[in-house]
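Just one chain is shown here, as structure tokens, and it is the form predicted on its own.
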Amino acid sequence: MTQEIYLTGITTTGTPHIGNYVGAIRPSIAASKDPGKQNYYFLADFHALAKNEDPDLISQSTLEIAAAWLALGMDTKNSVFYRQSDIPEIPELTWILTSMTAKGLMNRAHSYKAAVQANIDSDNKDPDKGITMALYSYPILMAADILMFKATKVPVGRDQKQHVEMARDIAQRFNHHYGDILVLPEPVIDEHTAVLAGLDGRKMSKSYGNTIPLFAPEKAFRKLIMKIKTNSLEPGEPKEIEGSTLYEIYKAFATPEETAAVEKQYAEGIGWGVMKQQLFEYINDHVAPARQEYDRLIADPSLVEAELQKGAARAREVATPYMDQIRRAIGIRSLGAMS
């Protein structure tokens, strides 16, 4: 039986927060240690160009995200951890796939349609106002990311499923023209992935400005926990766990037994201030060892760079010969090699 190949992209926009941790980082790091899986994890810095025009922020986010994954225990021996921009075969494959991709397929991309709809809703005469080719072609670059490493499984959220389906469509069209070369991927959607609310009760998101950075200094971390929105129920009044941001965050980190104990405290009317302090202490104890390692890596970016370069070298061991095969298939060959 052929070993499954899993591939996960990490967009380099912003600082890692606790929602990122429970939703993507924690399960990915656990998977990186599974000897039965071949895992690729990459920092999608080319993708960030479609969303962020500040070069310093992209660079800083790349450092912070890579340092966070390494500090939390990413197994870089059992998996391949690399930066997208260190693999020149990826943009090359992107252009090759662009030559095979129907414009109509890109017109159906959710992100593009949403941007067009926003212009229409704002009464702009040009429905494409402000839309870059980076945003429009985003799914093709994502297809290249996936197809470059023959990924068979791509863990994604439900909102990203379309991108994997597009990668399949593009690969099928390529294979129809040039032979059975590209591997068709399948999306893997975890219906049980935790989605945390942020400080204001909405989904924790950088775009809402309501996040809790995973490795914020201890005092700042506590201050943010204390800002989490709660209702006006007094200490001693029974409280519902349903819709409680404090409870949901605690549950995402705690064991079932610890969660059950907090549910009992809610029923007994725990005060919000007490619950916030309890939540702070629990999560702080959980991340403290990794925070120390994260701070060490941030202080010496060359350590992070060295790990990324090792990963890039391993990734290119796959990408370089595969790209040679793809080139030959499409007719870009040395003139002495006509087949």
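Residue positions are given as counts along the sequence shown, with the first one as 1. Owing to the predicted nature of the structure, the values given are computational and were not obtained by experimental measurement.
Keep in mind that the form predicted in complex with a small molecule is missing from the display, and what follows is about it.
Q: Considering non-hydrogen atoms and a 4.5 Å limit, which listed residue (97, 142, 109, 249) is close to the small molecule in the model of the complex?
A: In short, 142.
Q: Only one of 221, 81, 253, 138 gets a heavy atom within 4.5 Å of the small molecule in the model of the complex. Which one?
A: Comparing distances to the small molecule in the model of the complex, the residue within 4.5 Å is 138.
Q: Against the small molecule in the model of the complex, would residue 11 count as a contact residue? Criterion: heavy atoms within 4.5 Å.
A: Close contact exists here: in the model of the complex, residue 11 approaches the small molecule to within 4.5 Å, heavy atoms only.
Q: Could you confirm whether residue 47 comes within 4.5 Å of the small molecule in the model of the complex, counting heavy atoms only?
A: Yes.
Q: Taking any heavy atom pair closer than or equal to 4.5 Å as contact, tell me whether residue 160 reaches the small molecule in the model of the complex.
A: Answer yes; at least one heavy atom of residue 160 falls within 4.5 Å of the small molecule in the model of the complex.
Q: Although the partner isn't part of this model, could you tell me whether residue 146 comes within 4.5 Å of the small molecule in the model of the complex, counting any heavy atom of the residue?
A: It does: once the small molecule is placed as it appears in the model of the complex, residue 146 has a heavy atom within 4.5 Å of it.
Q: For the interface check, one of 113-121, 194-202, 149-157, 67-75 should have non-hydrogen atoms within 4.5 Å of the small molecule in the model of the complex; which one?
A: Selected range: 149-157.
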